[in-house]
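Below you will find one chain, with nothing else, as structure tokens; this is the form predicted on its own, and questions on how it binds or moves follow later.
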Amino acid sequence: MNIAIASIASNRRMALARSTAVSLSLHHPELPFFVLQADAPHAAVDPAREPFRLLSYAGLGAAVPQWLHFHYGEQELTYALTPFLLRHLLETGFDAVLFLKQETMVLGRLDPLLEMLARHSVVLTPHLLEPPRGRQARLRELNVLRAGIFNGGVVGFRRTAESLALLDWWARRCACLCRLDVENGLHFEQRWLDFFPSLAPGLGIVRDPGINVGHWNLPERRIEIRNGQILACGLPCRIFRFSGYDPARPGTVSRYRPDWQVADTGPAAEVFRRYQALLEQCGWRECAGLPYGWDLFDNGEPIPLPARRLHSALGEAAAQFGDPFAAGAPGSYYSWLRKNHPRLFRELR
């Protein structure tokens, strides 16, 4: 089976994608790894020098709704492009694609996942495989309910009529509703995964405790290190996720768990140490200072998030303004905003 591995990153988070690529190549040098640049081109991200095959946003073509990169901010766009990237790779001839979100470290061979992809049209990983324990168990359960039962950091699709139809459905939802709005049931692209088991009878659920270990399930995964090998619940730990990890604050597990220190994670602290070293190797300090290419109107003024939302809500009527980034064009969206919604710009100051 012809399989591709894929991820998405903006320029300032490209070092995370490099880390995933480097760790993957140690265990699967035969698998092609693609990274979609969810950002404008930048000299610091040179396709010829990257440890992966770089795909451009423009290269996805007409499959992506026009001005999606204006309608969403940096994090939202990175997540919203997931189904579009997966569909693109399947359409270019791959039999299956395994998506690994950018903050992923591959610690072993992924054969169990690849074997599942050979049998199932879609493969999902749940956040939890057993009830949480400890003093914050109920809080962690509630957080999972808010974020979604399944984790968007490890998702697989095999090219079938069922999976392609599901990707189209997911892409339509992500095109307009990839936002963090927990009160209205939204957690970026991830909450939509909860529908997948009922929409795709051929779906498989990963129940290997060594796959998709993260701060949300780390207390239950019981990390050990034997003869240099990292184990989770006595089985090989293959994929470790560092969602919310900040290499500028290496002592903290995640920004989502600011009270939890790496030093308090037991043997897992060694995994964090290895990941920090890999990020240093992959240039996170240089990447962290890169600008997001679609943060500004072309006159250099920041784009307020409500302005993005409003342009999206205008639907076909927004076509009258042409390129929404072009502030100086006659009849521009920027001019219309300045005249009709000046408060949006005052609130930025």
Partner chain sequence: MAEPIAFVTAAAPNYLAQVRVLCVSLGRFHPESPFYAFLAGDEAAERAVRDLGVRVLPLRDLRLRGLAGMLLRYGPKEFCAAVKPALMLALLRMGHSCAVFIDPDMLALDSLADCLAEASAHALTVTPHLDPDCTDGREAAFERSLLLAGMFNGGFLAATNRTEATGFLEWWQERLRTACYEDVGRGIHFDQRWLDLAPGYVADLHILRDPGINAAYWRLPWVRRGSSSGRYLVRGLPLRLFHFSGYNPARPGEITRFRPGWLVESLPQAAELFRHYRQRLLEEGWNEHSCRPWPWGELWRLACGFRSVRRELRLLLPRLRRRWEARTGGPGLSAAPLAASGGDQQGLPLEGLRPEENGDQRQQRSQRDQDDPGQPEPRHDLRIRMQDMRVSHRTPPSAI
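Since the model is a prediction, treat every value here as computed from it, not as a measurement. Positions refer to the first chain, counted from 1.
Although not depicted, the form predicted together with the partner chain is the subject of the following passage.
Novice: Check whether residue 238 has any heavy atom within 4.5 Å of a heavy atom of the partner chain in the predicted bound form, and answer yes or no.
Specialist: Judged by the heavy-atom cut-off of 4.5 Å, residue 238 is well away from the partner chain in the predicted bound form.
Novice: Counting only non-hydrogen atoms and a 4.5 angstroms cut-off, does residue 246 reach the partner chain in the predicted bound form?
Specialist: Output for residue 246 is no: heavy atoms all beyond 4.5 Å of the partner chain.
Novice: For residue 73, is any heavy atom within 4.5 Å of the partner chain in the predicted bound form, or not?
Specialist: Judged by the heavy-atom cut-off of 4.5 Å, residue 73 is well away from the partner chain in the predicted bound form.
Novice: Would you classify residue 94 as touching the partner chain in the predicted bound form, given a 4.5 Å non-hydrogen atom cut-off?
Specialist: No - in the predicted bound form, heavy atoms of residue 94 and the partner chain never come within 4.5 Å of each other.
Novice: Please pick out the stretch from 269 to 277, 224 to 232, 108 to 116, 132 to 140 that is in contact with the partner chain in the predicted bound form, where contact means heavy atoms within 4.5 Å.
Specialist: Selected range: 132 to 140.
Novice: Considering 164, 218, 200, 262, which brings a non-hydrogen atom within 4.5 Å of the partner chain in the predicted bound form?
Specialist: The residue from 164, 218, 200, 262 that makes the contact is 200.
Novice: Counting only heavy atoms, which residues in 185 to 208 are within 4.5 Å of the partner chain in the predicted bound form?
Specialist: Result: 185, 186, 187, 188, 190, 191, 192, 194, 195, 197, 198, 199, 200, 201, 205, 207.
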